[in-house]
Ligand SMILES: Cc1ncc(COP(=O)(O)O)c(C=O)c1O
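In the form predicted on its own, a lone chain appears below as structure tokens.
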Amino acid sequence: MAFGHGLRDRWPLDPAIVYLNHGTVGAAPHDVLRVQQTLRDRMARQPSQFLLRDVTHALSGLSGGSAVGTATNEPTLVRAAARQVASFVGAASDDVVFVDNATSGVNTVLRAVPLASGDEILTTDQSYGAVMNAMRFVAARRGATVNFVEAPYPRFDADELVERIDRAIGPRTRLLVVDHVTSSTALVLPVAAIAERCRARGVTVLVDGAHAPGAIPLDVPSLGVDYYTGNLHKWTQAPQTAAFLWAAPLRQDGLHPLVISWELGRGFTSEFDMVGTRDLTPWLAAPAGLRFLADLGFADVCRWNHDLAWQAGQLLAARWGTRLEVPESSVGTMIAVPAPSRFAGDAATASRLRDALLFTHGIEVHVYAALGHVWIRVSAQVYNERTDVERLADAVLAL
């Protein structure tokens, strides 16, 4: 399959915009949105049957008997979808549940992990801002603390990060929260090596995999972590909002959804599958995103996106006279490059640059300020090609 601009019409993106920001909130292709709309139409025709029998078999649980018109020995639509997602990430279906997004998954685990006064949550300075807020919120209410390990960046060294985390673990460290792919800096972190150190020290590991599923090959159980949550509406092409939460079997007891509903006490998957009346079609359409990836050739998609991201980093750094100090092995489908030094390195400048690129040059891309610089993070998707990156390079130099 030929990737590049020839695939743009597979997504409902504005053709007037160079879209280099797939990683921020995702973008579902037409094929997946059509599946979602079919599900919504089915829900609209028979809302009660769809939501209370087909999707969750809720009537069976509430009444204590079999739901009329439903073969309760068959998987619900939610469980059937979860099986396909679980297979994609190498997991058993009973260990995987849906959540709205990775931040919801992190909040779910944070609420469940036992913390006492004086305990510590450890993370890195690369953690997503919303996740940092969640850690601080939970820690403050339990008298615990949140401590940060400074990652070796912008000259990134994966082995050095593992050593820094290992040295930071203390006698009161109860939980490590670590990204699989960092949000702004777009680094692929060595979570398996990190988890190995944590297991040896008795520290629970929660991985925020917001950007990993569909971007890099993933076998969650092999990572040796306790919890893993990842978005499906970014690189696996599902509609917003869809994500999964995986928990090791021994960690599922006491793990409950953020919304407690009718299925309380009925088991890990039952509680998460039925959380009240809501539109679950993003979850149910997630397998359509996986089929879309399979049709394109998942390995080919990963290779194209990685190669384009890596080439973008080299091109932009050379054109802008800045330095890229990240090894290719730590790059997935995104890359963050320092903007020319003439831009002030503050948030206001980053915001103005982001808006100028969109409204003046028709380019949507993530721009942020950190470490005294403005950085531009390019997301590479199969509908992008090198000319998009060249246009970005020229636009920044013209501003």
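The shown structure was predicted, so the numbers you read here are calculated from the model rather than taken from an experiment. Sequential numbering from 1, following the sequence displayed.
Below: the form predicted together with the ligand, not depicted.
Screening 263-271, 117-125, 95-103, 245-253 for residues having heavy atoms within 4.5 Å of the ligand in the predicted complex returns a single hit, 95-103. The ligand is not drawn, but in the predicted complex it has a heavy atom within 4.5 Å of residue 181. Using a 4.5 angstroms threshold between heavy atoms, residue 387 stays clear of the ligand in the predicted complex. For the chain shown alone, residue 231 is a contact residue for the ligand in the predicted complex, at least one non-hydrogen atom being within 4.5 angstroms. For the chain shown alone, residue 135 is not a contact residue for the ligand in the predicted complex, no non-hydrogen atom being within 4.5 angstroms. Proximity to the ligand in the predicted complex, taken as a non-hydrogen atom within 4.5 angstroms, holds for one residue of 85, 210, 326, 309, which is 210. Only one of 189, 131, 280, 165 comes within 4.5 Å of the ligand in the predicted complex through a heavy atom, and that residue is 131.
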